[in-house]
Every structure is written in structure tokens, then in C-alpha cells.
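So this first bit is one chain, no partners, the form predicted on its own, shown in C-alpha cells.
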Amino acid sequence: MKLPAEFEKRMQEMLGAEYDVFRAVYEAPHKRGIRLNTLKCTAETLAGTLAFPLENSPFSPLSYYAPVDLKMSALPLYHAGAFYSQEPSASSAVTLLDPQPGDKILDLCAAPGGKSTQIAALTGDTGLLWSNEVVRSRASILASNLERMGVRNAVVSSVYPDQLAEKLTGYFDKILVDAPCSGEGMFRRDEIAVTEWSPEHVETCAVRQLAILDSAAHCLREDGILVYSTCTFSMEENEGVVLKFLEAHPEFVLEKPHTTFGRPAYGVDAVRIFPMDGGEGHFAARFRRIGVNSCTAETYFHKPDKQTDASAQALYKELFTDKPGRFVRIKDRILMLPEEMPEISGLGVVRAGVEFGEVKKNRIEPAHGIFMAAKSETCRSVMELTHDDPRVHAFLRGEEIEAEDCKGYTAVSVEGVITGFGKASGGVLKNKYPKGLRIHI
């Protein structure tokens, strides 16, 4: 594989005698991985549907290696949100963040959603996950992936970090900044990253990364945790940014990462991962805020439309056996909001919570999102299928399928994992799987 000459020179200086081992890796296929979504599936269920054994990666207990030629679109449980396709070492930053149930967490550079969905799984979808992406089109992809993975207690926004810092000062317990970078760790799997690389790009990225961290610092409460990560190797974007951030923010200290993967960074307490370490490449540093930062964010209070709320509550009870959340109507869409969230006005919110339904002619048509966030055992009507049942792929193609003993809105479950829904009548399930998600195999 041809690499930029200046990049090779930098890596030779960094790695010394180990450079030849590093360079040889680039003649081998890149690493691929999948990460289990414990909100919807167990490792045992997932393993029973795959044609390859589950081999744990060292970077997260939920992450596994996968064959390079694996076709995700051919696997029903991928569409069901049972797992996420993620390069193995990419899960390391969230492991360092250590999300816990009830945490309020900001993923500041979140698209396409790999780390956000990993956070949600580790918190058990409790507390609040705020996932931000500056580029609006990428924020939509982020929202779609959160929906596929069944995440309820999340807010997706598309604003610049300084806007969040202004209104959400001191609000979060933990923050992840997986910053845009020069992408040196992606070279084996992304030829565009190779062609876009230059020393000037590295310098530009380092300036932007420090600005993003400055905004993140404002959003973190006292004694909160901030993890900074990149998928690049350059000293300027990694150790250099860490040192400059600490110099500018004496209210933060760097904590030694107690990890079993990767290797120590150069001159700072952080972790580096090279391709020789079982992944494509990553860097992560964990900071703790020791300075006071009082929360200024206001709690969000919505004024429910009594008629809409009553209709939504009634429909929810028709569909599910668990307790519904709070409903809010935005134009013709009805959302079920997270259990707790701050005031969201002026923060470019793309979606709050999960989409429950759409108002059509004074009735509510259920949405795909609310079923994806449901569990099979809480659905009042559910069609249980095995992963190799031919009706599964027919459903994912948007076709009607046989549905004996089902009536009305019915969840479609594959190996116990909800994949979508339809409306059953006369032994046939009319398909409600979204057109934009349908497969063509």
C-alpha cells in the first residue's frame, strides 16, 4: 500500500525499530469488527445467527472481530439493531469513559453513532445521552442509527460545540470528544483518508480539536470525566493537544488510563493503539474536572396537548405492556421524550427521544422508531421468526408476509429482537418497514 512519504518519515521517527513491523501491517487486510447491542440482544443469541465464531477484541467486552468480507446487509440481526459494525479499536474511547447507569453524557462529535450507541448500551439507556453532530446530513444518519439500536433516552442535535457550551454549562457527568482528525488510523480501510493527508491538514486538525475541547470543558460538572480521542497517530493531534489543553485549563487533571489494551502514549498518561495492537489505530486520554462549574442549564418542561397526550397514551397501551414516557407533538409527529432533559430551544435539536407516531386524519399511525425501541416481551402482538425464516428477508424488502394468529399492529421479532412492525389482518401482515431502509436482496 502506498503511503505519503512525509507520513512514513514521521512514523519512522516515532516508532524507531518497530517501524518495519508497522509498515508490514499495511500489506495485510484491515481489521473489521462488530459490537453487541445489549439493549436488544445477548451474545448467545447473536452467536447463534452468525457463520463465524465470536472472538472478543481487547478494547471492549461488547466488541468482537469479524471477517473482512462480511456482508452486514445479509444479516437480519444487523437490521434489527442487535449489533453495530465498528472497527475494533474504535470502542476503546468509550471503555475509557466508563459510562454508568443514570449518567448524563454528551457525545460531542457523534456521527455516525458508533460510540453513542455503545454509551447507550452501557448505561442501559438510562440517564440522558446527548449526541451532537455539526454536519446536518450526518446528524440525520446519527439519529437513524440510534433508532435502529433502540435508544430512547437520547437527544440528537446539530450545532457548533460553543453553542452547547453556552446553554449547557456544567450539565453533564461525562463527555466524549472523539474529535475530527487527520485519520491516519483509517488509512488501511479508507483510501480517501490517504489522499487527503498532509502536514498542513494535521496542523489544522490540532487547532480545531483544541477549540472543541475548550467548549466541552464548559459543559462538564465538577468531578466529571472528559475523554478525548482520535483515530490518528500524529503527536500534534494527540499528546500535543492534551498538553495544550491542560495548560489552558488548570481546572482539569489527566488520569492514568487503567487499560489492558494498547500501549502508553508519549510523555502523557494516555493510551495509544497502533495496527500492531489488534486495531486500526486510536488515541484516548481521560481528564477529570477538579474545578467548580455550576450547572446553568434549565430543565425542559413541555406543555402537553391534552387530546394528543390522551390519544398517544391510549395507543401505547394498545401496543405495549410497559409504562409510556412523556409525549409531545411537533407538527404531525409525536415523540416520546427522554425521562429527563435540559431546555433544548436554540440548540439545533434534530430529534429528542424516540418517534412514537404520526397524526393522520385525527388518528395516530405508530412509527417504526417506537417498535425498534421495544422489547419482544412488552409487545402485545408479536410475530416471532427465526433468522433463517424466508419471511424475514421478505419483510426487510417491504413485502407482505403470512401472519397467522396475529391481528392489528404487530411487532416482527427475529430471534427475540424487534426488527419492525406491520398491521395484521386476514392472515397477512401489511408491511410498515420504512421504504428508505428496505433491502434489495
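Just so it is clear, the model here is predicted, and its values are computed rather than measured. Note that residue numbering begins at 1 and tracks the sequence as displayed.
The same protein also has a form predicted in complex with a small molecule, omitted here; what follows describes it.
Here the marked residues Gly114, Tyr160 and Ile212 all reach the small molecule in the model of the complex, each with a heavy atom within 4.5 angstroms. Contact with the small molecule, judged by heavy atoms within 4.5 Å in the model of the complex, is confined among 361-369, 331-339, 171-179, 242-250 to 171-179. Put simply, Ile344 is far from the small molecule in the model of the complex: not one heavy atom of it is within 4.5 Å. For Arg189, no non-hydrogen atom is located within 4.5 Å of the small molecule in the model of the complex, even though that partner is not displayed.
In the model of the complex, Ala154 stays away from the small molecule, with no heavy atom inside 4.5 Å. In the model of the complex, the small molecule sits within 4.5 Å of a heavy atom of Val135. With the partner removed from view, the residue among Leu75, Cys205, Cys109, Ala297 that has a non-hydrogen atom within 4.5 Å of the small molecule in the model of the complex turns out to be Cys109.
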